[in-house]
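Take a look at this single chain in structure tokens; it is the form predicted alone.
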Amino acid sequence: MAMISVRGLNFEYPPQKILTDINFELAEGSVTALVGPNGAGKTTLLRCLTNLEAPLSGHIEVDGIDIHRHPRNAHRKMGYLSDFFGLYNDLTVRQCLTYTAWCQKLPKSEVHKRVEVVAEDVEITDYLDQKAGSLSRGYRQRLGVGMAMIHEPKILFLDEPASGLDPEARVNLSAFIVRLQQRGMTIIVSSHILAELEDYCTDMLVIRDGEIRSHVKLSEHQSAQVTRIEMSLLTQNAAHVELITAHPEVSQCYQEGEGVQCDFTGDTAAQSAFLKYLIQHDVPVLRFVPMARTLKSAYMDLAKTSKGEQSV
């Protein structure tokens, strides 16, 4: 059974339609990157999934619970950190976590222990008695994540969690998400930083103009029998590009500034033979790099398709 199931979801701010016929399922323990350009509908989709916005139509289930028929039960299963979230600046970190635990109706006997565990999880134990208003951006973000997971949800929604964080804080956030996944938590992360999502995501949902354009499973994408090869040539002309394109195992070829990228269907032995073919035909290759298939490459492929860019 899917941990998150969405069918026929539509949402609008009349007269503008924001989400159109959204359908997808996410497995338990998956970490999904929700990506797309600004204004694509990412935040609205997250707010619908958490039942903070009422859709025009559609059906959403989390862990088998209809979130519209049983909102209280559904909310016990999920935690949500919005892009812009507020804190009680005059409360200490401990008080913020404790208050959130009370709001989530945790048993009084468990609150103190849970606060200590969460503080250790998000690495803010040393700041428990410091006021939230005095925290840096990175530690405010850690506190926000801690508050979102104080009640041990099975699903965590994070909207741009790395926004404004320094490089070290972003690395720590990535490691933290990996730990949560290892515990079996299902996570959706909205972000523009594809390289960081690569560290921990299992899936990618691409949303454009309020529609889900693709659901990419990273394991399948990486195992696909197509390799992107990046090349730099000493001199580049139409004849060189024609020779590259003419090779039987080159499915597509793109000119990128002074370089050339091509999609190659052969294995590593075939790649070696392809390089030999280029040298024998006097193509002045300076750089020949088979690239790992990443979320970024998958997203850019879809973006090119959406914009109707032509291969050369």
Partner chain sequence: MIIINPEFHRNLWLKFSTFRLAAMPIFLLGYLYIAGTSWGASDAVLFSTTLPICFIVLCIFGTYEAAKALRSEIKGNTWDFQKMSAIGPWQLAIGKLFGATSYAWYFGIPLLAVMAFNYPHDAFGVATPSVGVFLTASVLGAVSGHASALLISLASLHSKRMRVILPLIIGIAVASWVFKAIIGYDLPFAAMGGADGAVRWHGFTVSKTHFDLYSVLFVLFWVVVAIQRLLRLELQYKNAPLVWGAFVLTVAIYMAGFYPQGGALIPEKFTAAMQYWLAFSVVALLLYIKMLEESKDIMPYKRFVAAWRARDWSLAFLNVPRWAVTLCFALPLLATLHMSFPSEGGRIEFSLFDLGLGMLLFTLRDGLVLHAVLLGGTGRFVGFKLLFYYFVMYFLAISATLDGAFETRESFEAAFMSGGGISFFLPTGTGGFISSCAAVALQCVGAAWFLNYRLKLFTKEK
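Every value quoted in this text rests on a predicted model; they were computed, and no experiment measured them. Residue numbers count along the first chain shown, from 1.
Note that the form predicted together with the partner chain isn't included here; everything after this is about it.
Chemist: 53, 86 and 98: each with a heavy atom within 4.5 Å of the partner chain in the predicted bound form?
Modeler: Checking in the predicted bound form: 53, 86 and 98 are all within 4.5 Å of the partner chain.
Chemist: To verify the annotation, which of these, 154, 75, 217, 170, has a non-hydrogen atom within 4.5 Å of the partner chain in the predicted bound form?
Modeler: Looking at 154, 75, 217, 170 one by one, just 75 meets the 4.5 Å heavy-atom criterion.
Chemist: Of 104, 227, 232, 191, which residue is found within 4.5 angstroms of the partner chain in the predicted bound form when only non-hydrogen atoms are counted?
Modeler: The residue from 104, 227, 232, 191 that makes the contact is 104.
Chemist: Determine whether any heavy atom of residue 68 comes within 4.5 Å of a heavy atom of the partner chain in the predicted bound form, and answer yes or no.
Modeler: Yes, residue 68 sits close enough to the partner chain in the predicted bound form that at least one of its heavy atoms falls within 4.5 Å.
Chemist: Wondering, does residue 148 line up within 4.5 Å of the partner chain in the predicted bound form on heavy atoms?
Modeler: Yes.
Chemist: Spell out, yes or no, whether the shortest heavy atom distance between residue 57 and the partner chain in the predicted bound form is within 4.5 Å.
Modeler: Residue 57: yes, in contact with the partner chain in the predicted bound form.
Chemist: Against the partner chain in the predicted bound form, would residue 247 count as a contact residue? Criterion: heavy atoms within 4.5 Å.
Modeler: Close contact is absent here: in the predicted bound form, residue 247 is far from the partner chain, nothing within 4.5 Å, heavy atoms only.
Chemist: Within 4.5 angstroms, counting heavy atoms, which one of the listed stretches 86-94, 119-127, 207-215, 178-186 is next to the partner chain in the predicted bound form?
Modeler: Among the candidates, contact is made by 86-94.
Chemist: What residues, if any, in 13-39 have a non-hydrogen atom within 4.5 angstroms of the partner chain in the predicted bound form?
Modeler: Contacting residues: 14, 15.
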